[in-house]
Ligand code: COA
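Take a look at this one chain, the form predicted on its own, written out in structure tokens.
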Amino acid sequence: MEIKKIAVLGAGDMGHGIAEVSAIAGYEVWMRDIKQEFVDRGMERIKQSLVKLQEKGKIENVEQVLARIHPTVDLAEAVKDADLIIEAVPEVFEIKTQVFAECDKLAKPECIFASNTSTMRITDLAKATKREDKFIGLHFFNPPVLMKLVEVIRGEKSSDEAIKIGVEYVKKLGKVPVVVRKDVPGFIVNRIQAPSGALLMAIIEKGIAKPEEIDAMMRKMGLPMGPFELMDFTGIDVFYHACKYYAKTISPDYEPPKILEEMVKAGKLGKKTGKGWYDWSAGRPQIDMDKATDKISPMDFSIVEINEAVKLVEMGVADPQDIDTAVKLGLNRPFGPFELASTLDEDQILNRLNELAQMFGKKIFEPAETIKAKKLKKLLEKKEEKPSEEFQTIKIEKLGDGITKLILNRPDRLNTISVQVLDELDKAITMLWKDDETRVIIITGAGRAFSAGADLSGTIITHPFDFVEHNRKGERIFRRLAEIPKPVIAAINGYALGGGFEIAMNCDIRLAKKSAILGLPEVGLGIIPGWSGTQRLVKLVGISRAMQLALTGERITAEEAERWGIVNKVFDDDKFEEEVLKYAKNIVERCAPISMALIKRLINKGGEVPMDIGMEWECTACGVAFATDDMKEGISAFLRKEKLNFKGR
């Protein structure tokens, strides 16, 4: 079934956002709420958002998008002839089921029903209708316009066709769908966060630390908000009701403490009522950073989340790779729980979980069976074996003649490098490494930039160790461009700054547009080039030039970079793509693949070892090359004065 008309029920924070992204994607959308003032407010927020998107060049015409959104308070009008109904009403089970029961009578039989609930089991909501097979979960994250993740939840009776339709709809929005294969309270992201919330409440109950002390500690570690300030911001009642729901459906260990219940009864719900953990009457509360506690370990929150993630795998909810993807995209984190687990010792995780369970008397902190059996590493190994998924932030184009183009594809953000870009770049390198058809790789950027560096807006680092690992991850991925046994050409088509410049430096050959600009601006941000920039640059241009670029943040033109020896060749802008392709074809036609692979390794390693060792390696490599069929072809073609036909054998 093709989705054409969508009904979004609710015009609040989530509802108006879902309506907006659906209309941007080209769908006709009916947005319904129970009062005209709610609908009007939702439309006004959509207009404000669309204007900003147009100013940033992300949409072409505000009015065209608005024309596809039809506001209404009439439920029958909204759902009549709808192909997909998405419910985004308050997180109250009775309200949701009442809405679905009414829709069931009004909607056409083939219409798919979806709930945007963040916690409730889809199976239980579906029972309010007579179409449980056509009922799924579509859990967007706030704000829907910006957040890439949508959890697509399979209820116990959801059909494969309904899930497929949900996944295709999410992809058309430009979002990343993660299928939740088993319906559990909280699904993936919120379920993994649930034990962290329980741990916070347990710490408060025991008087180990106060909210401001914990928030100050988290803020010092780089979080924009501490957990208690964030709870105030989103609503203490929201957290309270989620805890009550988890206590009822998962474990009594999630029962909220008395202090939280008393706050809800007293109407101290946070920002929206003026008071919660903090006083918001004069604006955002000022956290006293000097009160940061040292009585708790931030790593404890990560460990209980790792434990819950393992339990989800054991229950068949999702696999480790999908869980990592969901957590990174849903929470803007640099690492998923399994990626973080791979940096920790199994015994460290096991022992700390046992200590936390005993300390707070909560069974939810007890180690998962996989962790108890010390089989976490095996689980992580299986994660690595999963084949690559469809790319979202890069594109792979086969150009023929053995040439493959790898395109950084975030033109609206100048191809800045997010955690997702790093992951997909790593997968793409692995894919091209194994691809026998690819002889030469061209890496470039979509739009007017090669890459303007790291995406500083979308990654939240909560611990110095995490930042170390984030940088190490980027270094290792970029280095693989130098290690892949095929020549890699950086086609620098615009800005190559920071991390973008570092990608280019790890390529074998750098070709640039005359208008391209290169530089390492990190020093002006209070950071340093952290993805191999200081190490690669000094090898390319020497200490003096490397110091000049890295210490000053100076930007240089492509022609300057060519004079310095950073760029190999510069081409006029209007002939750039043609010249790059011609350069790559020349390599394919004239150069033997095995010879190029051996030469890459010898040159890259030559600067790292004493000359005697390098020369021994060179002799060995000569012997390997001498034994290849390509060597025989090269000599034979030379003597016959015929065109080369290397096979890479």
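One rule holds for the numbers: they count along the sequence shown, beginning at 1. In this text, the rigid core denotes the largest set of C-alpha atoms whose superposition between the two forms falls within 1.5 Å. Quick caveat, the model's predicted, so the values are computed rather than measured.
Missing here is the form predicted in complex with coenzyme A (COA); even so, the following discussion is about that form.
Original post:
Of Ala266, Met289, Ile543, Leu456, which residue is found within 4.5 angstroms of coenzyme A (COA) in the model of the complex when only non-hydrogen atoms are counted?
Top reply: Of the candidates Ala266, Met289, Ile543, Leu456, Leu456 is the one lying within 4.5 Å of coenzyme A (COA) in the model of the complex.
**OP:** Could you work out which of Pro211, Pro521, Gly533, Pro185 is the residue within 4.5 angstroms of coenzyme A (COA) in the model of the complex, going by heavy atoms?
**Re:** Selected option: Pro521.
**OP:** State yes or no: in the model of the complex, is some non-hydrogen atom of Ser115 no more than 4.5 angstroms from a non-hydrogen atom of coenzyme A (COA)?
**Re:** Judged by the heavy-atom cut-off of 4.5 Å, Ser115 is well away from coenzyme A (COA) in the model of the complex.
Original post:
Is Tyr495 one of the residues lying within 4.5 Å of coenzyme A (COA) in the model of the complex, judged by heavy atom distances?
Top reply: Contact check for Tyr495: yes, within 4.5 Å of coenzyme A (COA) in the model of the complex.
Original post:
Closest heavy atom of Thr416 to coenzyme A (COA) in the model of the complex, within 4.5 Å or not?
Top reply: Thr416: yes, in contact with coenzyme A (COA) in the model of the complex.
Original post:
Does the 4.5 Å heavy atom contact test between Lys56 and coenzyme A (COA) in the model of the complex come out positive?
Top reply: Result yes; Lys56 sits at the interface with coenzyme A (COA) in the model of the complex.
**OP:** Name the stretch: of 309-317, 276-284, 447-455, 203-211, exactly one has residues whose heavy atoms fall within 4.5 Å of coenzyme A (COA) in the model of the complex.
**Re:** Selected stretch: 447-455.
Subject >> Sequence-ordered list of residues in 525-555 near coenzyme A (COA) in the model of the complex, where near means a heavy atom within 4.5 Å >> reply: Leu525, Ile527, Arg555, in sequence order.
**OP:** For Glu355, state whether the C-alpha moves by 2 Å or more between the shown form and the other one after rigid core superposition.
**Re:** No, because once the rigid core is superposed, the C-alpha of Glu355 moves less than 2 Å between the shown form and the other one.
**OP:** Establish whether a shift of 2 Å or more occurs at the C-alpha of Arg413 between the shown form and the other one, with the two forms superposed on the rigid core.
**Re:** Comparing forms between the shown form and the other one, the Arg413 CA shifts at least 2 Å.
**OP:** For Val238, state whether the C-alpha moves by 2 Å or more between the shown form and the other one after rigid core superposition.
**Re:** Stays below the 2 Å threshold, so no.
Subject >> Residue pair Lys328, Asn471 - Cα distance in the model of the complex, closer or farther (3 Å or more) >> reply: Those two alpha carbons end up farther apart in the model of the complex.
Subject >> Cα separation of Leu149 and Asn471 in the model of the complex versus here, shift of 3 Å or more >> reply: Here the pair is closer than in the model of the complex; there, farther apart.
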